[in-house]
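What follows is a single chain, given as structure tokens, in the form predicted alone.
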């Protein structure tokens, strides 16, 4: 499970160190890779461990092959995803188009999201987090309702 947030420097080549806690989580996967794609709805990147992304992709594959939903998801997520390997220093190299999409310059924040993490330009993340807090009570109420449905 990916928890917490970490800020790391990004060099001019787009190399950034994945937080050690996240690398430890990824160590159990069949490939030492993180699968990254640009969020279609905002300026950040999704990042999944290789095996977790395969499980996610399997859900898309279960949809009818020619359905418009599957085709859109395949183009938006699967075709856009890039498996990125680690160098000897635990860094990945973010593709230039991903860096531009997320407005990353100099630093990136890695934000744990449970079964995946996101990568943001720190100021954009802080603004999103501030906006999210406006919904905090409603979100807790929704979680409470879900918890009750599950018998918690």
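Take the two forms, find the largest set of C-alpha atoms that superpose within 1.5 Å, and that set is the rigid core. Just so you know, these numbers come straight off a predicted model, no measurement behind them. Numbering follows the first chain given and starts at 1.
One more form of this protein, predicted together with another copy of the chain, exists but is not displayed; see below.
Q: Using a 4.5 Å heavy atom cut-off, state whether residue 83 contacts another copy of the chain in the predicted complex.
A: Output for residue 83 is yes: heavy atoms within 4.5 Å of another copy of the chain.
Q: Indicate whether residue 70 is a 4.5 Å heavy atom neighbour of another copy of the chain in the predicted complex.
A: Yes.
Q: Does at least one non-hydrogen atom of residue 63 fall within 4.5 angstroms of another copy of the chain in the predicted complex?
A: Looking in the predicted complex, residue contacts with another copy of the chain include residue 63, since a heavy atom lies within 4.5 Å.
Q: Indicate whether another copy of the chain has at least one heavy atom within 4.5 Å of a heavy atom of residue 106 in the predicted complex.
A: The answer is no: residue 106 has no heavy atom within 4.5 Å of another copy of the chain.
Q: With another copy of the chain taken in the predicted complex, which residues across 103-136 come within 4.5 angstroms through any non-hydrogen atom?
A: Heavy-atom contacts within 4.5 Å come from no residue here.
Q: Core aligned, does the CA of residue 60 move at least 2 Å between the shown form and the other one?
A: The answer is yes; the displacement is at least 2 Å.
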